[in-house]
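Quick heads-up: it's one chain on its own, the form predicted alone, in structure tokens.
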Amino acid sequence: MGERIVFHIDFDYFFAQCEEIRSPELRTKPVCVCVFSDRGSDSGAIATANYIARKFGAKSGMPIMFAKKRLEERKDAIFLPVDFDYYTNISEASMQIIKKNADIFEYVGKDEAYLDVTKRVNGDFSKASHLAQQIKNALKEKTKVSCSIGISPNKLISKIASDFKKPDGLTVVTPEKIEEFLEPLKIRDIPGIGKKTEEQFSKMDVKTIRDLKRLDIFTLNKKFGRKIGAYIFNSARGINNEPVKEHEPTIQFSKIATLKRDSKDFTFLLESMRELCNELHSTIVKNNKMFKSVGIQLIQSDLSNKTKSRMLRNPTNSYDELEKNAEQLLKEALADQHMNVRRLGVKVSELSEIAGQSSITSYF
């Protein structure tokens, strides 16, 4: 068994797919799952769009009002608010099925995981393909989730391969096929190469991975620095030695404290809130995480609970974003607050690894 065999499993258009599982009549309609803001029905961003909506140009990260314009001709277009508790339940059930089929299971996010299956299939790519199909069948049968799976000797190529035939794809790249598979692809298909990096390469007349391989390591190092230059050079050749690491999901990080006195005074509570945000941010940075949801918890003088949370447009690990959103949630919570607050808490969830960012700068 000289080669590793690594799976990258990616659930197709996950949030929108979950909504289709819950309401099958949505499958023939353009569906956008949205993170709405507090400024009206057109304010906020698209979290996920199904493939029908994508054909009209609606996509993740797009402002809702832009997506509505793209879908004007589809009077049956549906815009739904995110329902993370529901998506988490489907994700957790699906991940348990996947984990049972792995030698090593690495959770990446609600809709994404790596598996090392080398021992399980005895280094045989044909057996690996059969195992991947079994996983896909089990998911469809038990949780109704469709996924795409990439199979190769390493995490990099498997991630690229999982996106190759979406949705419901299965792509196997054996060691002898790596060059043939990679060379025709666009350089943007390499994880971590974003729009700005692509534009820089375009000025150098480099558009495909085949073009990229013509650049030597010295040129790349000079242009992007040694670390990023080496990553791009190796990626163009399918070289990646990063192991699949056993990793289970961290659902959330939180900090909670009993106040010096019961109070509903905003200024007093905000001072404690900022201290909690500072402690929480240290935990986020220490664990190399980003968050996409911020929440607060008020335990009132009668020990009853009051919570508020909000989704951000993009994942972040910014202290300013944490504090700003926690402060806004506190204002909203206190707008109709009649009882004093005894304990105060802050939490972040929808966690992801820093390496999941799309731009090459934040990739490192």
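The numbering used is simple: start at 1 and walk along the sequence shown. In this text, the rigid core denotes the largest set of C-alpha atoms whose superposition between the two forms falls within 1.5 Å. Bear in mind the structure is a predicted one, so any value in this text is a computation, not a measurement.
A second form of this protein, the form predicted in complex with a small molecule, is not displayed here; the remarks below concern that form.
A.B. asks: Non-hydrogen atoms within 4.5 angstroms of the small molecule in the predicted complex: do Phe7, Ile193 and Phe233 all have one?
C.D. replies: Not a single listed residue reaches the small molecule in the predicted complex, so no.
A.B. asks: To verify the annotation, which of these, Val31, Ala326, Ile46, Leu298, has a non-hydrogen atom within 4.5 Å of the small molecule in the predicted complex?
C.D. replies: Exactly one residue meets the criterion: Ile46.
A.B. asks: Sort through 23 to 31, 64 to 72, 307 to 315, 326 to 334 and report the only stretch with a non-hydrogen atom within 4.5 Å of the small molecule in the predicted complex.
C.D. replies: It is 307 to 315 that comes within 4.5 Å of the partner.
A.B. asks: Is Lys292 one of the residues lying within 4.5 Å of the small molecule in the predicted complex, judged by heavy atom distances?
C.D. replies: Answer yes; at least one heavy atom of Lys292 falls within 4.5 Å of the small molecule in the predicted complex.
A.B. asks: Give a yes or no for Lys166: in the predicted complex, does one of its heavy atoms lie within 4.5 Å of a heavy atom belonging to the small molecule?
C.D. replies: Although the small molecule is absent here, Lys166 would touch it in the predicted complex, with heavy atoms inside 4.5 Å.
A.B. asks: Taking any heavy atom pair closer than or equal to 4.5 Å as contact, tell me whether Val35 reaches the small molecule in the predicted complex.
C.D. replies: Yes, Val35 is a contact residue.
A.B. asks: Rigid core superposed, CA of Arg310 - does it shift 2 Å or more between this form and the one not shown?
C.D. replies: Passes the 2 Å threshold, so yes.
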